[in-house]
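Have a look below at one chain only, the form predicted alone, in structure tokens format.
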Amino acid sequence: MDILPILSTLRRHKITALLLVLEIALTCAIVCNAVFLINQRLERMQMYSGVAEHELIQVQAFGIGDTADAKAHAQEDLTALRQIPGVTSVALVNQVPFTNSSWNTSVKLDPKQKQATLNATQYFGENLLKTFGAQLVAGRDFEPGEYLEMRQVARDEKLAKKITTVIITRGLGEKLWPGQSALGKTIYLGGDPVRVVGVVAGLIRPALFGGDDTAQWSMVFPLRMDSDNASRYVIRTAPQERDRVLAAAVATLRKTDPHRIILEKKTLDDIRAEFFQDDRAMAGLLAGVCIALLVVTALGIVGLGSFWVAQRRRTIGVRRALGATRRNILTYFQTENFLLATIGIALGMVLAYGINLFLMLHYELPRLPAYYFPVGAIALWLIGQMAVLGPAIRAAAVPPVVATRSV
């Protein structure tokens, strides 16, 4: 196909051709960045938690007023929950993944440091690793004799110094000692040394205020909670038993304390879904914008193609009378669309790169991967060819006799 006649025709329709090129360019730029953002959101929603999510349920319960013996009260609750058929493990903990409420502290590698190395979250609770299903990859779990009462530690600073062991995540260990094993290493909390006795594959922070890169900066301490300083009962059971066990757990806790307030009762799957609901909504919104832009662009190509076919009907008839086949006419319009789409895509790639730079500077987004450009180009070429196919077929159907009638 000789493109010179096509370029000559386009020069006589500069404004309409320019509008179509700009539409394709804008669509290319926005869709490339929007799809990139959608993928970012989807990847974030798949964030590794390190816990047995499909086996966990949480009941958050508060007592009214101070409990006379909070430790005994908590043990009574835990004993009753363990007796529910199907329950494999129970723990009373200070925080749960994906709840947006977290206990954090500063960590130093040297007690003389003026500035902390980083900030990590602190998980407390007896039997926590087993209940959460966190996988130990090095070292050991806490021994029964290592646990201290959180209530006593909070009241006596000297007692806090007796917390000498900690279990950390592999991600936190890699951040503190890159390329080294964290097992046996020492960290300092407020100047007090704590030795790493275990490393788990992962245990996500309940809140990600410090950014997604800090999601695995978690520590577990041997502190036993009671019903006055913790309210989250975490129960592990088989996935298919969760609804039944959840209802039974609520009934059990109300039975042990009829004046208790059940604030929340959910599976961890539900808690996770709520945690990422903004990301899900944003991905859906961006997907809607992409679809709308592509549809509008396709309709624009169809409309312009139909207009040009109607306007060039006489010219098409003359070409058919001079020997042009239907295939020649069809190829002519498809080539014309391909040229316009190529110019628009080239301009759109530059615009997409500029938008990505703006997002990187102002919203700390990563660089747009290069493979988005060819994928976006191929998508727009295909959409352009499909959109122009209808008008092109109608043009190819114009009979040569039209030229005779028009003379």
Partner chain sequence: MFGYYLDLAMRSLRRNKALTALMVLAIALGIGACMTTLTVLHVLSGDPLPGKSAQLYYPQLDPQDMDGYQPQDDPPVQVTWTDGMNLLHAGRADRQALMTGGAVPVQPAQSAIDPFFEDARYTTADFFPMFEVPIRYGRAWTAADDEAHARVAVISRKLNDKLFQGRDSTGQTLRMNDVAFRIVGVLDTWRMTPHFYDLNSGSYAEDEGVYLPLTTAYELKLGRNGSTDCWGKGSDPDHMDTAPCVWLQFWVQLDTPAKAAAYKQYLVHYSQEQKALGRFQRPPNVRLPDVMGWLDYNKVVPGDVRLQAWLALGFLLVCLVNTVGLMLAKFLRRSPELGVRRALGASRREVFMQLLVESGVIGLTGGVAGLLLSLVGLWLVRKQPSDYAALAHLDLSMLLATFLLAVGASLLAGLLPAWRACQVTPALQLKSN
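Numbering follows the first chain given and starts at 1. Computed from a prediction, not measured in an experiment: that's the story for all the values here.
Keep in mind that the form predicted together with its partner chain is missing from the display, and what follows is about it.
Enquirer: If contact means a heavy atom within 4.5 Å, which one of 239-247, 200-208, 326-334, 282-290 is the stretch that engages its partner chain in the predicted bound form?
Expert: This holds for exactly one stretch, 282-290.
Enquirer: I'd like to know whether Gln75 contacts its partner chain in the predicted bound form, with contact meaning heavy atoms within 4.5 angstroms.
Expert: Heavy-atom contact with its partner chain at 4.5 Å: absent for Gln75.
Enquirer: Heavy atoms within 4.5 Å of its partner chain in the predicted bound form: does Lys108 have any?
Expert: Lys108: yes, in contact with its partner chain in the predicted bound form.
Enquirer: Mark Phe307 yes when one of its heavy atoms lies within 4.5 Å of a heavy atom of its partner chain in the predicted bound form, and no otherwise.
Expert: Phe307 belongs to the contact set for its partner chain.
Enquirer: Taking 4.5 angstroms as the cut-off for heavy atoms, does Leu389 touch its partner chain in the predicted bound form?
Expert: Leu389 lies outside the contact set for its partner chain.
Enquirer: Among Ala379, Ile343, Met47, Leu359, which has any heavy atom within 4.5 Å of its partner chain in the predicted bound form?
Expert: None of the others qualify; the residue that does is Leu359.
Enquirer: In the predicted bound form, which residues of 182-218 put a heavy atom within 4.5 Å of its partner chain?
Expert: The stretch 182-218, when checked against its partner chain in the predicted bound form, contributes no residue at the 4.5 Å heavy-atom cut-off.
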